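The chain below stands alone, shown as C-alpha cells; this is the form predicted on its own.
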C-alpha cells in the first residue's frame, strides 16, 4: 500500500519516476529510530489528551514497538514510500488497518522531520562528545609521559622556539576541548521540541506540547510554527562544529605527516598504521593521516551545501530542505570516525627524542631566551634583542649552533653577556626557563595536563547526561496512555 501524498489526498498515485526522484527513503532509513521515538511520544500525548481512543492508541503503540524491535533485530523491511515517515505509517496501516491513521492526527511531516533531525543531532552530539573525551584523554596521557622529550615549535613553518613534546600534545588537546564546547552549544540549540506546530500554523485540536516535550526530554518548545518547520539553524550549527573539529583533525594530521618524513625525522609510524607503496618497497606512507586530512574537505562541503540549500528559501517549509539529509546524516558518523581514527593513529606514533633534541641543538631557537636573560639583567629588551641577533649572526658565520656559542664570543659583542645568560643557549634550559601560565615550562605543562584531563572527564560526564534514543524509547513505551 503506497501512501504517497497524492494517494493520501484521494488522487492518483504519483508517477513512478516522480516518486523515485522525490523519494528520500534511502537516506531517511537512518532516521527510523528517531521517527519511531517521536511517533510514540506523539501517540502518548494524543491518548492522554483524549484526542484519540486509548484502546486504539494501545494497538498503535504495540505496532510501533514491534517495528522498533524488528529494526533492532535486523529483520525489518520497509515499504517503498516517499520517506521513512510514510513508510512507517504504511507499515502500520498494513498491520492495523484504518485505525493506524489516528497516529498522524495533529501532525505534519513538516514538524515531524523537524523533530527527527533534532533527535538525530542530539544523539550524534552525545556520541561525538564521547569520542572527544577519549581523544583528549589519550593526548594528555601521552603528554604526561613526554615531558622530557624536547622538540622544535614552528611559526610560518620555520623553527621558532624549543618546547616539550608534552606541550605540543596539550596544544592539540586544547583544540579538541574547544570542539566539545561547540557541540555543547549545538545541544542547547537542539533542546527544543519542534513537534506540535503542524505544517506551519498549528492545529485546532487540543494538543499539549509540554507532554510531548517531557516524554522526549526536551527542556522547552519552539515559539513559532512558521519558523519551526523552516528552521535548520541547529543543523548548520552541527555542521559547523563538525567542520571546525575536522579542520583540527587535519592540522594535527599535517604535523604527523611532516614529522614522519625523512626531512624531519621526528616521528615513526607503527607498521599497523603505515601503508606501503605498490611500487616502492622502502616506503612507509602516512596514508591514515592523509585520509583524515582529506576527509575534512567533506565536512566543509557538507556545511557549504547546507548553506547553499537554505540561502534562497522563503519562510516556512520548502521541499528543497529534503536536500539537508545527505549532508546532515553523513556529518555525525564522519566526525566520530575521524576522531576515533585519529586517536588510533596517534597511539601508534613514536617520537625520536634524540632526533628532536639534535634539531634543537643544531639551530638558533633559543635566541629569544638569551635576549630575555639579558633583559633580566636590566638591559632594555630591544637592546638585548639586537645584541642576541649579533651573536646569532656570529654563530652563523662560523657555522656554529647557538648551543655551542662561547662566553668569549658573546662578550666580544658586549661585555654584559655573562655565564648565567649563556646558560639560556641550552635548548633544554630554554624550556625550563618558561614559568608563565600557558607556556612550555614544566609547572605550566603539569597544570595544562591536569586541567585537560579534568575537562575530558567533564566531557564524558556531559555525554552521559544527553538523552539517548534507546533509553528514551524504553521510558515512553512503558508510560501511561492516560
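Numbering follows the first chain given and starts at 1. Note that this is a predicted model, so its numbers are computed, not measured.
Another form exists, predicted together with ligand ARG; not displayed. Remarks below refer to it.
Undergrad: Against ligand ARG in the model of the complex, would residue 113 count as a contact residue? Criterion: heavy atoms within 4.5 Å.
TA: It does: once ligand ARG is placed as it appears in the model of the complex, residue 113 has a heavy atom within 4.5 Å of it.
Undergrad: Do residue 319 and ligand ARG come within 4.5 Å of each other in the model of the complex, heavy atoms counted?
TA: Yes, residue 319 lies within 4.5 Å of ligand ARG in the model of the complex.
Undergrad: Heavy atom to heavy atom, is residue 325 within 4.5 Å of ligand ARG in the model of the complex?
TA: Because a heavy atom of residue 325 falls inside 4.5 Å of ligand ARG in the model of the complex, the answer is yes.
Undergrad: Please check if residue 462 has a heavy atom lying within 4.5 Å of any heavy atom of ligand ARG in the model of the complex.
TA: Residue 462: no, not in contact with ligand ARG in the model of the complex.
Undergrad: If we take heavy atoms and a 4.5 Å cut-off, which stretch out of 204 to 212, 82 to 90, 264 to 272, 335 to 343 is in contact with ligand ARG in the model of the complex?
TA: Going through the listed ranges, the match is 82 to 90.
Undergrad: Exactly one residue in 109, 394, 159, 244 has a non-hydrogen atom within 4.5 Å of ligand ARG in the model of the complex; which is it?
TA: Residue within 4.5 Å of the partner: 109.
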